[in-house]
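Have a look below at one chain only, the form predicted alone, in structure tokens format.
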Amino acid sequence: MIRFPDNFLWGAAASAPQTEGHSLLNGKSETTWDKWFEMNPEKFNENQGPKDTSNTYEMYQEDVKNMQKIGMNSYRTSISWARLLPDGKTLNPEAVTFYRAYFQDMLDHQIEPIINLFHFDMPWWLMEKGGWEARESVDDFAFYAQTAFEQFGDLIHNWTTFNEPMVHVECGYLYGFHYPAIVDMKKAVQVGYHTLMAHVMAVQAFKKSQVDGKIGIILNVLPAYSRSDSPEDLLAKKDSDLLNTQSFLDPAVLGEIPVDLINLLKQNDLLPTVEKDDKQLIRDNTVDFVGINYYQPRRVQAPKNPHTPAVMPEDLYEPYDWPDKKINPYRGWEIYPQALYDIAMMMKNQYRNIPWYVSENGMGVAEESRFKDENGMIDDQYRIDFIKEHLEQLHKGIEAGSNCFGYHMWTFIDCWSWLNGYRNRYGFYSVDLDNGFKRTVKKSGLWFKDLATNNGF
């Protein structure tokens, strides 16, 4: 029997824009997702936009009961900035009522809410001012964070500022997967820097608020794996780690941006514009814990024909296709559970053994209705096997002294996933979009209950 520490968090993760629905109702203003769907619906899988998603706004009470049924003792979701402050300044009382009822319902069912402030859903009013390219976004986010702490700080004791900030940097400003779909590495660095400072100022607001609790950040970070031990491949690994892992993790935990990262950006004429007090603000406002989202490893090699100076990350490191990989064919992602042990050791040895948890891990599969058993339940044994393999590696890291306090799956119920809509399903519960968003537990949900009840397997 593999047993986990006492009071280990067993749960799942989601976000407001991917679950709530009511995207332009109840006082909520437009986000970039609402606007992009209005402008270019053809970009979205089967024209599935952000309007309804999983209808949690109406069905949260049923959802919370279903969480309890499968043994969850914790749940991470987000607040919609555009719902709470539709114009950035004016509090929406209906949003306050909804979120307070939702969070209280979780608490009443012995489910600890972990609440995140930003999950890729930029309010349109801020996008019109330049979004994260504009320095005023830092102050706007700090005000939003302060408002959230004031309205919900009596209920919520575990907060995070951003989910995977590197994603809105890469997808919005390098690779075209999120609005505004700009391809400009210098802008991407500036967006990343303003995001970092928004995080820092939210942490400062939390400390000033005197809310009883802790604040962290959720990052998709892992040590990169190089093709070989050649100096060229190891340099590619170093640059990948600097840009993708250390860029947010070092300032969030250690209070400083790595000198090597600053030098790398300087060499390639990519340094962002900064303000004189920023360095001290970063130093003074580190986090209490870190959430780490892990799905697939990052494998890199030296670039073959790089631009100098770099105009894209691929000029510093290229993806390496490891021939021995095991693949999830629906996402095209490598399945490599051993990375969770490496992450655990990285957090122990390089980041002061700060408390951390697996804030997302999961397996997206298309057309899961193919796997229904004779009783109509989706038999997702592949998801159970996936979880077991990852938990074995995580447990090994905990046994070696890494300070991990929980494991959250993506996700609790099948949810809407940006341009992919509902193509791939991740939930412990399925959602029937053609039948009133009906929720039905999958085999993995029943297995997860045993896992949580036994605190191991």
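Model, not experiment: these values are computed from the prediction. Heads up: residue numbers just count along the shown sequence, starting at 1.
Note that the form predicted in complex with a small molecule isn't included here; everything after this is about it.
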{"property": "One residue of 244, 293, 74, 137 in contact with the small molecule, assessed in the predicted bound form (non-hydrogen atom, 4.5 angstroms)", "result": "293"}
{"property": "Partner-contacting position among 240, 158, 92, 163 - heavy atom within 4.5 Å of the small molecule in the predicted bound form", "result": "163"}
{"property": "Interface segment, criterion being heavy atoms within 4.5 Å of the small molecule in the predicted bound form, picked from 340-348, 379-387, 118-126, 257-265", "result": "118-126"}
{"property": "Residue 360, heavy atom within 4.5 angstroms of the small molecule in the predicted bound form", "result": "yes"}
{"property": "Interface membership of residue 298, the small molecule in the predicted bound form, 4.5 Å heavy atom rule", "result": "no"}
{"property": "Contact flag, residue 187 vs the small molecule in the predicted bound form, heavy atom cut 4.5 Å", "result": "no"}
{"property": "Residue 322: touches the small molecule in the predicted bound form, heavy atom cutoff 4.5 angstroms", "result": "no"}
